[in-house]
Every structure is written in structure tokens, then in C-alpha cells.
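In the form predicted on its own, a lone chain appears below as C-alpha cells.
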């Protein structure tokens, strides 16, 4: 009798809402493991984690803006801009790794400040503000280097000879090095995800961000300085996006114009898929990490199965719409 009562109380939708993403990840791993000979080996697993690290970092930047019910579309452009600045510092201006890392991070924070200024003070929607910033930064990146990439021994414009500097080894270690056999980009991704999780869930600053995102008017009546916390969210978004750009530039070994652009949509998908992980229903760091991992596993398996690259967006779209359906249907209930 008791067992019958328990069975009747089982809510399939609730179960899928909490564990659907995890189940899909496990099913995908099992499917690719049994259908592909080389899927489940250390090298391929390392490749998957390395490939999702940049997507995850940019997605974590988006997650910060989502906590306040905002949306930062400029993160991909910030990442590309950061990689171009770092390469310019080392290859063209012969500076070391330290300024090539610090300056792009500061620029990322400044971009976040500018976004926040237009959103808060000028009352422009977050979508339009960050969309404008995306175009602006992409244009500056292209103009900054006359549309070409920055790489070792590149020819300088106006027949000025060859670039005098090279990409610093310490900088390249960020994107190509390993720590105890684990790629450094993966280590950075895990550290940033852990720090973001602790910040959002274990500090009053993170809880205030969630309160603003949940009900801005109620947060305002509670005495929370809303504008200040919105500024913090966009500054952190710019900082993490710039960090993702540095990892990307170090991995490529060059400063590619608009290098961050191709990562934007995958990052947006990862951040929104994260809403449904464990049924949290809001932006969260670990959910974003699982979202990026799901995208990486699916793409890696599909590539190994010779799935046409031009059809991969179909799979991404299906996964995203299913995750969004679970999240928003639950909110509606």
C-alpha cells in the first residue's frame, strides 16, 4: 500500500526538470562510448574538457549578467578584443606577459562599467547596450590591426619590416600548458566556476544579485543599492570574458580579430541550459559548467561520427529548446 502511494507521488516532470540535463549527458556518453571506438579514452576526454573551457568561461561571464536578470551580448567581442590586445603588447610592442595579461583584464572590467553606465543611467535595455558594445569592440579590434591577425614574425604595415616581438612562453602556458597532466585552460575553468559558485551562493553580494534578478522592486524596497550591484555584475562579466579571451589567445598563439565571436552562441546556450541543471531554475555557475560540457560532448561525438558540421547547429538548437522548455514550463507552473 505504501509503495503504491510512493509511486503515485512520483512526478516525472519534476524528476526530468532536476536531472534531465545530467541524464542527457550520461546517455550521450554511453551512446558515443558504445558506437565510437576512441571516444572514451583519456586523450579524447582531455580534448572535450579543453574544448569546452573557453565556451564555459564566456558562458560564466554571461551567467553573471543573468543573475540580475540582465544579458551581456558583448562577452564574445570582449574575449576577442582581449586576445588582440595581449598579442599586440607582446608581438608588436615587445612587452612581457604581465602587462599582456593585466591590461586586457582591466579593459574587460572597463567595458563592463561602460555597459552598466548606459543600462543604469541612460535606461537603454541591456540587450541593445551590449549589442552595440559588441559591434563597437569588434570594429575596434579590426581597426586596431587593420583587419589582420597578430602572430609571431608577422609583416608590419607600410613595409615596416617584421614584428620585433613574439608571444611570450609564460603567456602561452595559459592556453597550451598542463598542470599534473591536466590542461591549464581546464584548471582555470574549474577554478573560475568554483569561485563564481561560492561568490553567488555563499556571500551576501551573490545573494543580493539573485534578489535583484528575482524581483528588482522588492530588492529596492529592502534597501539593496540596485545600481551598485548591477555595476558589479557587468564588471565581473567583462572580467571573466576577458579572461576567456586571454585563454583563447594563448591557445591559438595569436591575436585573431573577432576570435570570440564564434563562441558567443554556444556560451549563451550553455548558460541557459544551466538553468535546468538540478532544477535550480536560475543562472548558476555549476549549471553553466554542465551546460558547456553537454555541448562539448555532443559536438565531439558528432564530429567523430562525421556528422556534417553545417548541421551541428540543429543539435544545439534542439538541446537548448528542450532545456528552456523544462525551465520556463516549471516557472509557469
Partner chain sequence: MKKCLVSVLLIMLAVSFMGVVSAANVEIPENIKGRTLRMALVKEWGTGTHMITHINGTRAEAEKYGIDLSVIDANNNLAKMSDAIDNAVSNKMDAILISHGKAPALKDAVIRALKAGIPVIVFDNDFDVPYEIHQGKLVSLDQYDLMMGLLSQMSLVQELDGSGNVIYNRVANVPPTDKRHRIWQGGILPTYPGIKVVNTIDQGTDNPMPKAQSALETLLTSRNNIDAVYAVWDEYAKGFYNAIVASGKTIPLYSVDISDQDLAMMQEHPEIWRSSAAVDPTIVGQVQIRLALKAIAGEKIPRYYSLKPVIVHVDDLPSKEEKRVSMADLADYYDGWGYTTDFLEDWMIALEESLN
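Residue numbers count along the first chain shown, from 1. Here the structure is a predicted model, which is why all the values come from computation and not from measurement.
Just so it is clear, the following notes concern the form predicted together with its partner chain, a form of the same protein that is not shown.
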| item | value |
| --- | --- |
| Contact of residue 230 with its partner chain in the predicted bound form (heavy atom, 4.5 Å) | no |
| Heavy atom of residue 105 within 4.5 Å of its partner chain in the predicted bound form | no |
| Exercise: residue 173 in contact with its partner chain in the predicted bound form, heavy atom 4.5 Å | no |
| is_contact(residue 257, its partner chain) in the predicted bound form, heavy atom dist at most 4.5 Å | yes |
| In the predicted bound form, the one of 101, 149, 109, 224 near its partner chain [non-hydrogen atom within 4.5 angstroms] | 149 |
| Contact residue in the predicted bound form, from 114, 252, 136, 97 (heavy atom within 4.5 Å of its partner chain) | 252 |
| Segment that reaches its partner chain in the predicted bound form - one of 279-287, 23-31, 61-69, 46-54, heavy atoms within 4.5 Å | 46-54 |
| Partner contacts in the predicted bound form for 294-309 (non-hydrogen atom within 4.5 angstroms of its partner chain) | 300, 303, 304, 306, 308, 309 |
